[in-house]
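Presented as structure tokens, the chain that follows is alone, the form predicted alone.
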């Protein structure tokens, strides 16, 4: 379909014959995030025209086959002039490169340009520099949701449900920009929040970026240690597994994130080094009281944080089931949950043979959680409890 035909088809009418609002949404990057955004927008506004860019043929073809977008291109410049909203769902460096390209294109007046990057200050700064003389709106965005899966094939209309969707205003953000974005993204069922770009990067350096460094560092340390202590690999379960899960994240993405938020991340590393030195000194001195307070302080702070509330990167609903060490017990529970959409499932074991395991199941929606709790409680004698 050519550009002219695309514009003609953008106009729709409702069942009463009234002309509906016309919007063309252009999403650059049809991977997990971009594809899921497209599905969410379409759910809330089925009459919007959603078009996309992706460099690889594979993701473009999947996006077209799944109906994620109506048209797709391998030339970023091709669809940009048609769009009412442009969403840059590509890596941080490429986002900035695309902002530079947009600065030299003839765009619709008052087009909203936004992104989906994990860091915000450099992107907002680039937009203010390169787009300042154009009649456009720009607001930085960070949808805080993810998955171990990637690509258009993994796009999920429920990916952002109950997750924080952060807006970081710029000097090019008008009073109506964020309201328009919230309306367009209403089908995501996300939790919208507005944060200064620098503050966003400082906060995420602590709760997202540094933990990824720590997880990969622990894996590197354990891997080296296992060379001479082979039981390390066999016993690496429970807490170690949970702490290092995020070490499986995509290296290229995290390289880009760290380099675009270097100052804040380096400050967090330096701070943590001091905390490690402090607990090392307590151990060296045999100071049992100080060690006790170290662990108690961590426990209390975790209780005070909103970790267990909905929202954030892993915005899931969790259920826990005490299960005996018996053949097919997991299959028995999964059979009960046939037809329920699961996000993740694993056993929280404690490396002991004399206690039950704990089956940990994550759901994306509260409705699925309630259904699962009812089914398991009614059909088994296992203890079922929520996080």
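Since the model is a prediction, treat every value here as computed from it, not as a measurement. Residue numbers count along the first chain shown, from 1.
Beyond what is shown, the protein has a form predicted in complex with a small molecule; the following relates to that form.
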Is residue 32 close enough to the small molecule in the predicted bound form to count, meaning some heavy atom within 4.5 Å?
yes
Please check if residue 114 has a heavy atom lying within 4.5 Å of any heavy atom of the small molecule in the predicted bound form.
no
Does the 4.5 Å heavy atom contact test between residue 86 and the small molecule in the predicted bound form come out positive?
no
Using a 4.5 angstroms cut-off on non-hydrogen atoms, would residue 98 count as touching the small molecule in the predicted bound form?
yes
Heavy atom distance at most 4.5 Å to the small molecule in the predicted bound form, all of 211, 217 and 255:
no
Interface residue in the predicted bound form among 178, 264, 72, 92, criterion: non-hydrogen atom within 4.5 angstroms of the small molecule
92
Answer key, the small molecule contact in the predicted bound form at 4.5 Å (heavy atoms) among 360, 43, 47, 55: the residue is 55
Partner-facing stretch of 290 to 298, 268 to 276, 150 to 158, 223 to 231, counted where any non-hydrogen atom is within 4.5 angstroms of the small molecule in the predicted bound form
150 to 158
